[in-house]
Structure formats: structure tokens, C-alpha cells
Ligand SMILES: NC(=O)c1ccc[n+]([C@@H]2O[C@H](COP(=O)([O-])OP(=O)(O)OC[C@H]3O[C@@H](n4cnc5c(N)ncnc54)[C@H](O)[C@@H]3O)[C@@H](O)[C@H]2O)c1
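The chain below stands alone and is given in C-alpha cells; this is the form predicted on its own.
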Amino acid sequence: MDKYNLSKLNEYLIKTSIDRLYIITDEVVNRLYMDYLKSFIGDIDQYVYILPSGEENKTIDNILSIYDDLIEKNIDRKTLIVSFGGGVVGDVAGFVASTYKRGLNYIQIPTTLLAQVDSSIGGKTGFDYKGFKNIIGSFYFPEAIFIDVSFLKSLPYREVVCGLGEVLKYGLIADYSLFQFTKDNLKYIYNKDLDILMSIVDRSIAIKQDIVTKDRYDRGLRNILNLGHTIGHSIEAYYNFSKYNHGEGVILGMMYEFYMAWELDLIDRNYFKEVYNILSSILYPISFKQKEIEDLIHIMKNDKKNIGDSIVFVLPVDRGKVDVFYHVEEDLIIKTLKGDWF
């Protein structure tokens, strides 16, 4: 997968001899940026399908509606699917591209910080089903990704935080200097300084691409990308994907999982406190009651990373380094989620 500036889009489309575009977007992006996108496309025929905005719309019903529209418009395999939006649009568009007529080429044009640094890269597609996030999906890699950080100027604060969760994660799994740079520039990131945003987007993409290149289909090394995700996904799902967005779930998950690592003597107290202090300044953790913890653990036990009955965790072992742990005592998970430590 190649990365381009959005200004290269028309040149790319001409070079690849595309006949038609089928653009999948959402209501917000369509309203704010569709005219802007079309200024880079040129005279290629195009269709636009508009999804409702929000994680709760990443469903099989919406995917079936897109299939119906593709059939009605007689979309063939020479048509390029364009994912134009955030992570939800990217997951849905990628899944549709991977399955309709056994696969159409597609590109990603991510418009949120989360999508630019994470979900548009790596070929994971899918949708949520029966309360489980991305439980059904496929690996299907876009032909190219087009980045334009000017899209981020319109992001609300929560969407910036959502992307920050993944940026900070990259620093904690692979590049401690990125974590420190992000921590030191939070004010500029919140103010959407495009130079700072470009720096963290470029570095995050480089980290994820390096990991994905070495493990395209998530069989080993790529598991380290799941720091914060075991608990984070369970919190997202517990609240039916409506109370916390993905990045917020990851921030919460990283706090709990760093505490678990400290309890297991994998990291020292100073490192735990450094990370906890930054993450909790962005989003304060939650104390869960026993019944809530039981429900969260039930969700974790259905996580697609698991092997057998064990809940798999990615935990820090040093500054900017993590490892995968296949056996963590349930008592420690319960203790962590009770939250007596914060």
C-alpha cells in the first residue's frame, strides 16, 4: 500500500485507468468535504453512498443496503471503491470492497485522526455484530491511502482524543520518543496545529506500516498493536459503542493494562505513574462494580485475539516496549477493574 498526498489523487486515477468511482462516506463528511474531494477527482464518473454517522451504524444491515445499491447501479469490477471518512466508513467500505463480486479495488481517504494513523492502514475490515466489535471481517488491503491533515481542522475535541489514543499507543509499543513528543505537544494537538499533526500522523503510519509489513495477517508481531484493546474493546461494547469512542476505550484500556503490568512487576512504578498521569489527564478511569466486571470479562472472553479459554493481553515490559501475555489471572483483572488504585 502506497501513501500519497491528496493532491496526487487525480494523477493516480488517470494512471490506473479507473472507469468509475463508488464513494462510500457518511453524513458529516459528505456535508463538509464532498465538494473538496471532487475538486481532486476530475471528470471520472462517480456514485456516492452516504452512511449514517457513528459506530452504531457499522452493521450488517447497512452493508446489505450498500450491496443493494451496488447491484442497482450495476457496479462492475472495473469500478474503484473509495472510502472517504473515518474508521467506521473505512471498515464498512473495505468489507464491501473485499466481498462484492469477490473483490473490487479500493482506496482509503481517511478524514479523522484515528483513521489517518490507524484504521485506514493494515487491511482490517469488518463490522460489529451482537455487541461484539469487528467480530466479522476480512483482511483486504487498499491499493493506496491519501492523507490530508487539513481534514482534521474540523474535528471536535472528542475525535482528536479518539485519535490520540492510538498515537500514544504507538509510542508505548514501539517509539517512546513519539509518546514523549505527543505528551509535550498536547496543547498544539488540541488546537489542531497542522505541522504537529503531520509529524504525529507520519510517524504513526510509519510504525504501523512497519509492523503490518512484517505480519500482514495478524499471526504474531501484529498483536502488539492491541495494547489497551482487550479491556478497551470490552468497555466500548459494554456501553453498546455509544458512551465511549474507540480511542477513548483504548486510553482507558491502556491505563488498566499498565496497572496490571506494574502489579506483575513488568514495569517500574515511575513508568506506570508517568503513563497513568498523562492518560488520566485526558480521560479519567472508571471504577466498576462486581456485576459490571463479570459482564466485561464475558466480553473479553469472546475477544478474537484469544486462544482457548485464556484472555490475551498486550502489556508493557519497558519504555516503548510490550509483549503478549496469554495467561493473566482473573483475580488481577477483577482487582484492576474495581479501581481501588486510582
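Each residue number is its position in the shown sequence, starting from 1. Computed from a prediction, not measured in an experiment: that's the story for all the values here.
The same protein also has a form predicted in complex with this ligand, omitted here; what follows describes it.
Partner contacts here mean any heavy atom within 4.5 Å of this ligand in the model of the complex, and among 159 to 167, 199 to 207, 248 to 256, 174 to 182 they occur only in 159 to 167. Among the residues Asn105, Asn134, Thr99, Asn223, the one placing a heavy atom within 4.5 Å of this ligand in the model of the complex is Asn134. None of Ile81, Ile231, Leu114, Met260 but one reaches within 4.5 angstroms of this ligand in the model of the complex through a heavy atom, and that residue is Leu114.
Using a 4.5 angstroms threshold between heavy atoms, Leu64 stays clear of this ligand in the model of the complex. At the 4.5 Å threshold, heavy atoms of Gly87 reach this ligand in the model of the complex.
In the model of the complex, this ligand lies farther than 4.5 Å from every heavy atom of Tyr49. At the 4.5 Å threshold, heavy atoms of Phe288 stay clear of this ligand in the model of the complex, well away from it.
Taken together, the three residues Tyr244, Asp295 and Ile333 lack any non-hydrogen atom within 4.5 angstroms of this ligand in the model of the complex. Contact annotation for 12 to 33: residues with any non-hydrogen atom within 4.5 angstroms of this ligand in the model of the complex are Asp26, Val28, Val29, Leu32, Tyr33, listed in sequence order.
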